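One chain comes next, on its own, written as structure tokens: the form predicted alone.
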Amino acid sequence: MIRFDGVSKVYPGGAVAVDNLGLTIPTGQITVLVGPSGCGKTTSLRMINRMVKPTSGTITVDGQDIARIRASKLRRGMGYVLQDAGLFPHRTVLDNIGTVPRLLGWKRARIQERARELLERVGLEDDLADRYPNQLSGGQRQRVGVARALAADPPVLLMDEPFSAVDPVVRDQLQSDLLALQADLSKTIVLVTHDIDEALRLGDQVAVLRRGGHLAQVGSPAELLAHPADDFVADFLGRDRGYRSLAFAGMPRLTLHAERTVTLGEPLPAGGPPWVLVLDAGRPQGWVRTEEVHRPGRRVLVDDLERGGNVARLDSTPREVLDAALSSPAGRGVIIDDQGEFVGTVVASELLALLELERGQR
């Protein structure tokens, strides 16, 4: 457990970065620090490993005052992931990952084994081991940065806007990978972001900071969305926080509807509804508007597909299912099973009615 007790940071000239911060970071969970620019979130993170020294107050890790721990020893017990990965450009991927174990005096064979193990764990191919950072994509560099932070198996992982420098698709995958890693490793993770969606997705606990380094509110994502402490928190969470809260609601028992389908590359059946779902080996590929492509004997091609709709799984949240329904060109959300095969569709109005009914029964 990490505790901030009355911690402040005031820079020469009187600029206050953090003001009397009191915060408990539970062991084995992800705590996200979020807030606008100038709110002190990165300063707070860097005070944990003494890259920034507090002006006043105490920070403890498992009850031990970090001011009494030698800085080099403290930092070697904490993984640190930077926004741009911060890899050494003159070292290979494998050597970058082995940085901290090498400082700790591990034998080379053990370092190599651990680095290759982590390559696989963070989803990178073994043939990347001998490449240099400038030969990697942004997402690959970030994965190497995470692997390097985990190399010596530290109990604490500090992450300073680790995914902000990559494109949205890669960012989504990296977030998913972090959650999967955390499910296996149960590290104490402190992550800084300015993105409220990222904070709500990743955080077991989210601490919202306001400018001047004041803690506005701390709680679970569901608690913040349901009960913002004040107008600042409510505004920062966004006007659509009711919709966001569906990500943490229980899924009601949905009615899955059968759908007229056609296999990609086969002729469209005569008649039927205006929209038909196209499958390939049982997996949804998109929708086709029948009036635009139906001619006797004409086969459905990839260029005919409308791909605007998202796909949800049987275990998806109400938010994901509702998004699938609202984004579908046919007005019906596509649901798949664990193997990615089509099982049925849902209608937004039916889902909303069930959610409203459940809300009324609570």
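Note that the structure is a prediction, hence the values are computed from the model and not measured. All residue numbers are counted from 1 along the displayed sequence.
Keep in mind the form predicted together with a small molecule is missing from the figure; the text below concerns it.
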Given a 4.5 Å cut-off on heavy atoms, tell me which of 330-338, 30-38, 53-61, 316-324 is the interface stretch with the small molecule in the model of the complex. 30-38
If you check Glu198, Asp177, Asp95, Glu161 against the small molecule in the model of the complex, which one has a heavy atom within 4.5 Å? Glu161
May I ask you to choose, among Ala353, Val347, Ala15, Val343, the residue with a heavy atom within 4.5 Å of the small molecule in the model of the complex? Ala15
With a cut-off of 4.5 Å between heavy atoms, is Thr43 one of the residues that contacts the small molecule in the model of the complex? yes
